[in-house]
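To begin, one chain is listed below as structure tokens, in the form predicted on its own.
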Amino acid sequence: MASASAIKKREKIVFPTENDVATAMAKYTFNLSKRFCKERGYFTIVLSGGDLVFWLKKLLVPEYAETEWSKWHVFWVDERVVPLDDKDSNYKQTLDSFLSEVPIPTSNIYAIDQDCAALGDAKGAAILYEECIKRLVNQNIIRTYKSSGFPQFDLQLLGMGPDGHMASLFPGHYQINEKANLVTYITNSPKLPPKRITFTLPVINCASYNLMAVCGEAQADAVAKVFKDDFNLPSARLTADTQAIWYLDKAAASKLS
């Protein structure tokens, strides 16, 4: 059961400031990149939107100059189904703030289908993103999780909303219970824009490492509920194969007992 394993796996570190969270996230990412590039020749990393895409700039410092960018394969845990050049696109935000600054091959950056994005076709975008993932599993770029056959990414960098949502899995919406598909979609997201695709919970929880980075007082109530095991919040169900760790600043952790 996801909830029981989430309790077992969930760890946390509280940092003084948002800047400290971003710095630690960069170090964590670099260390895993170095390890997986050495072990497998690839590093599969899944990103989310929001402030996290700006925190990734911490990887651009000389300390991480040895990062093997050519071996990175970049995915998104969720995406807004808007044109890829739209300001609300997670892809565009990440491209503008981070990806344009590093030499990751464009063929290793997996945005949603351009035509589906332009048309606002959430269902089609979800189907094609799932097909993309399955193709990369067949090419042994993405591993599979034990006997389940679900894809296993090396690292996912996640965020949480004030309502406790993660990816585009929202409280009270059926997508949180989807288990058959790798990628699902929503057309009535409570957070704009309304059309989105998202990894399903089993895919998220099959990752080797999940780092949930949360900053700000606006998230404090949800953080407290997560650590009281309120599984009505999708973020409370987060686990991982090896480690699921929460990086919090003092403001986000301010209501923890």
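For every residue, the number given is its place in the sequence shown, counted from 1. This structure is a prediction, so every number in the text was calculated from the model and none was measured.
The next section is about a form of this same protein that is not shown, the form predicted in complex with a small molecule.
- The closest non-hydrogen atom of residue 51 lies within 4.5 Å of the small molecule in the predicted complex.
- Though the partner is left out of this view, residue 191 does reach within 4.5 Å of the small molecule in the predicted complex, counting heavy atoms only.
- The small molecule is not shown here, and in the predicted complex it never comes within 4.5 Å of any heavy atom of residue 210.
- Proximity of residue 167 to the small molecule in the predicted complex falls within the 4.5 Å heavy atom cutoff.
- When contacts are defined as a non-hydrogen atom within 4.5 Å, none of 130, 200 and 234 contacts the small molecule in the predicted complex.
- Stretch-level contact analysis of 221-229, 201-209, 24-32, 41-49 against the small molecule in the predicted complex, using heavy atoms and a 4.5 Å limit, identifies 41-49.
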